[in-house]
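Only one chain is given next, in structure tokens, and it is the form predicted alone.
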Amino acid sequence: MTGAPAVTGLGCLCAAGGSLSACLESLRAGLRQPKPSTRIITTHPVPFPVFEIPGFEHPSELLRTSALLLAACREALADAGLEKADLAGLRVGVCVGTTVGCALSNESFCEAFRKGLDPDLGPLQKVARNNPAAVLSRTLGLTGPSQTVVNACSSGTDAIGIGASWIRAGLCDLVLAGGADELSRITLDGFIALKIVDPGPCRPFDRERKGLNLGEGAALLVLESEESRRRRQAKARARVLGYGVACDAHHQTAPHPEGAGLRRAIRAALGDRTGGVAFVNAHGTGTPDNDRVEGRVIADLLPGVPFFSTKGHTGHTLGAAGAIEAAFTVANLEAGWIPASAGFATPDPEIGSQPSERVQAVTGSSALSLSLAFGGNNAALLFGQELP
């Protein structure tokens, strides 16, 4: 067994920016630009805003989710000082979270099939070739373990936790772990049907919150064993100190009223560490149930620790959300500051706590990134600068 995996590379793109550094600039400046999609056409009378990545072009053989993932991977590898050739002599795994992974982009095929026609199988074959983890492994010529995690909105967080466990178990020298998801008309219509989409910019933890805004993006973390990191003399931007996962088994979409599963996940991630948490990057969707439960649990388990949501900058990127927020968590912990929780203005007395209202300096040796998902799935990652 090896020690805490090192994070030696980070890559991210979403509506907040085309790179991790650009995203951080948007977070620090409070910039956010939700607007109706330019790619997705719906019949709703309300032009629901989304956080779409403008001008993102990709090869026709790739679905958008896979292309987003590859873009994040290129940035992460460059950040880690790695090229494709450097991976050949290492045991490299791939673990990627997603929700639909572009599988809902074949509406025309399904419509034709339902009408009794004989549509070309090309769209289905394209989906089959675009399993995100498989695309990454194939593109880089990797032969290590390769897994796509589909665990609703905690998928990206779970993928990083699983990837870290491979390194701890000695299965891999290095793991490319993260998440990716694109905007889809079916996904957008589905969330609108659930009546949890805000017709305006989302307002996580605010008393007047009405729901989420969907987004798209990808983030990837290069996780590395201490032996491999030392051999390359690579910098550890942070380490994965803990991972916790627990299911409420309470409701298909709503969290447990007391946050039972979230509490277990946080405690598992923290382990015996009782102090030193600088901040919490909360799931903070802007939905009434999520924010009420999550805010109460954070206040109860980590009183006085500042927390915030970045979904006011990125939208809810579903399977990519946990990975994007993990990348932000590492970068903010390293930089020693956290952003204002975009969209928040009025405290909610039902929550009893409130997120960060301004950019502020933070101190501490670790930080938590949380995800709450449909099906009662809860996941937490603890990142820090401690030695392995």
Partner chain sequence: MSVWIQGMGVLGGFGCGRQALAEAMERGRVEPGSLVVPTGQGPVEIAAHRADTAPLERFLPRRALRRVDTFGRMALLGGCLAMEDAGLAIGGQAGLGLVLASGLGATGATLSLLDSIFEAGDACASPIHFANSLHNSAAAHLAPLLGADGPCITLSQGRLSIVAALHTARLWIEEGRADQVLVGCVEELSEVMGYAWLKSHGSAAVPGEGAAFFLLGKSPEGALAELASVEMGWGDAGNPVEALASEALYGQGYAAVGLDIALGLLRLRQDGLPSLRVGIQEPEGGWGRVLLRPA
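Positions refer to the first chain, counted from 1. Here the structure is a predicted model, which means the values were calculated and not measured.
What comes next is about the form predicted together with the partner chain, which is not displayed.
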Selected contact from Thr346, Thr42, Thr38, Gln33, since only one has a non-hydrogen atom within 4.5 angstroms of the partner chain in the predicted bound form: Thr42
The single option of Ala299, Cys247, Ala234, Leu90 touching the partner chain in the predicted bound form, heavy atom within 4.5 Å: Cys247
Interface membership of Ala78, the partner chain in the predicted bound form, 4.5 Å heavy atom rule: no
Contact flag, Gly116 vs the partner chain in the predicted bound form, heavy atom cut 4.5 Å: yes
Heavy atom of Thr148 within 4.5 Å of the partner chain in the predicted bound form: yes
is_contact(His251, the partner chain) in the predicted bound form, heavy atom dist at most 4.5 Å: yes
Region of this chain that lies against the partner chain in the predicted bound form, out of 215 to 223, 300 to 308, 280 to 288, 165 to 173 [heavy atom, 4.5 Å]: 165 to 173
Stretch 191 to 213: residues contacting the partner chain in the predicted bound form, 4.5 Å heavy atom cut-off: Phe191, Ala193, Leu194
